Every structure is written in C-alpha cells, then in structure tokens.
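Read the single chain below, which is given as structure tokens and is the form predicted on its own.
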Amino acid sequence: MSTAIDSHSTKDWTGFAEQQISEAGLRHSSPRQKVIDLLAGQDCAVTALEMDARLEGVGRATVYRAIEQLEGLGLLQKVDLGASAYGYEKVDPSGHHHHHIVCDSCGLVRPFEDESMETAIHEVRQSGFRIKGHEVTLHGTCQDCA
C-alpha cells in the first residue's frame, strides 16, 4: 500500500490543472487555487465537506463550484466512499492511480495499489474492449473497528 506524496507529481498536477483551466478560458480565481493547492497535497480522496472545513476564507458554495469545474475538466475523480459520501481526488496526467479501502464503521479511507489487478484490466483492454476508466473500492471493517 502506497501513501507517500511525491512532491514532483504534486507540482506536475498543479501545473497541469492551471494549464487546463487557462485553456478552458476560465480566469484565475484565488479560491479555486486554494482548492487546487489543497488537492495537490492529498495522496487520497477528500470530501467536499473536509475541503470546506480546511479552507479558510473559501465558502462552501465556492468549494462545490471549484470541484464541479475541476471534475468537468477531467482533473478530479469522484470516489464513492459509501454511506452517501463522495470523495474527490486529483487525476494524475500520467495515468497513474490507486484504488481505495473504506472502513464502513469509522469511514477510514486508505489507498492501495495492486499490479496484478492492473495487469488483468490491461488484458481486458487487449481483448478489444474499450475501457474509459475504472474504480475499485473495497468496503469492510478496519483493524481498529474489528
């Protein structure tokens, strides 16, 4: 399981996001930039309410509007965290990604990577099936809640 934040990829994503926003004709917005900066430092999904609580001086409506814009530009991925909660995480322009383990008792979310699963998905692509994307979220109970 990988949880380290690669500062190089964080800078790459921030620059990529700024470029996509500019190319979409959106003007620079300080509140949206705060959302981008927060997301750039995350190694896994964060909910809109968590973003709202952590971003001083940015209103909740602005957080939701920024999420909607970033998701519309393909810069964010919505992650179903169960219990009617969605998290959002940056989409790496290189295509590198991870999946999620969610504790249904306490809400703990952990990223995980599985090369054999990615190999199986690649084999499906080789069969001619056009996969646009995939998300794997495993639900259960963490060690502390068990």
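In case it trips you up, residue 1 is the first one in the sequence shown, and so on. The structure presented is a predicted model; accordingly, all values stated were derived computationally and were not measured. Note that the rigid core is defined as the largest set of C-alphas that superpose within 1.5 Å between two forms.
There is another form of this protein, the form predicted in complex with another copy of the chain, and it is not shown here; the text below is about that form.
Peer 1: Is Lys78 close enough to another copy of the chain in the model of the complex to count, meaning some heavy atom within 4.5 Å?
Peer 2: Lys78 belongs to the contact set for another copy of the chain.
Peer 1: With a 4.5 Å heavy atom cut-off, would you call Ala24 a contact of another copy of the chain in the model of the complex?
Peer 2: Close contact is absent here: in the model of the complex, Ala24 is far from another copy of the chain, nothing within 4.5 Å, heavy atoms only.
Peer 1: Arg110: heavy atom within 4.5 Å of another copy of the chain in the model of the complex?
Peer 2: Contact with another copy of the chain, yes.
Peer 1: So in the model of the complex, does any heavy atom of Leu39 sit within 4.5 Å of another copy of the chain?
Peer 2: Answer no; every heavy atom of Leu39 is more than 4.5 Å from another copy of the chain in the model of the complex.
Peer 1: Looking at heavy atoms inside 4.5 Å, which stretch does another copy of the chain contact in the model of the complex, given the options 43 to 51, 100 to 108, 56 to 64, 30 to 38?
Peer 2: It is the stretch 100 to 108.
Peer 1: Please determine whether each residue of Gly82, Ala85 and Thr137 possesses a non-hydrogen atom within 4.5 angstroms of another copy of the chain in the model of the complex.
Peer 2: Yes, because Gly82, Ala85 and Thr137 each have a heavy atom that approaches another copy of the chain to within 4.5 Å in the model of the complex.
Peer 1: Can you tell me which bits of 116 to 146 touch another copy of the chain in the model of the complex, meaning any heavy atom within 4.5 Å?
Peer 2: Read in sequence order, the residues that approach another copy of the chain (within 4.5 Å, in the model of the complex) are Ser116, Met117, Ala120, Ile121, Val124, Gln126, Ser127, Gly128, Phe129, Arg130, Ile131, Lys132, Gly133, His134, Glu135, Val136, Thr137, Leu138, His139, Gly140, Thr141, Cys142, Gln143.
Peer 1: Aligning on the core only, does the CA of Gly107 end up 2 angstroms or more away between this form and the one not shown?
Peer 2: Shift at Gly107: 2 Å or more after core fit.
Peer 1: Fitting the rigid core first, would the Cα of Glu135 be found 2 Å or more away between this form and the one not shown?
Peer 2: Superposed on the core, Glu135 moves its C-alpha less than 2 Å between this form and the one not shown.
Peer 1: Would you say whether Glu123 is displaced between this form and the one not shown, judging by a C-alpha shift of 2 Å or more on the superposed rigid core?
Peer 2: After core superposition, the C-alpha of Glu123 moves 2 Å or more between this form and the one not shown.
Peer 1: Report the direction of the Cα distance change between Leu73 and Phe129 in the model of the complex, compared with the displayed form, as closer or farther; the change is 3 Å or more.
Peer 2: The answer is closer, because the C-alphas of Leu73 and Phe129 approach each other in the model of the complex by 3 Å or more.
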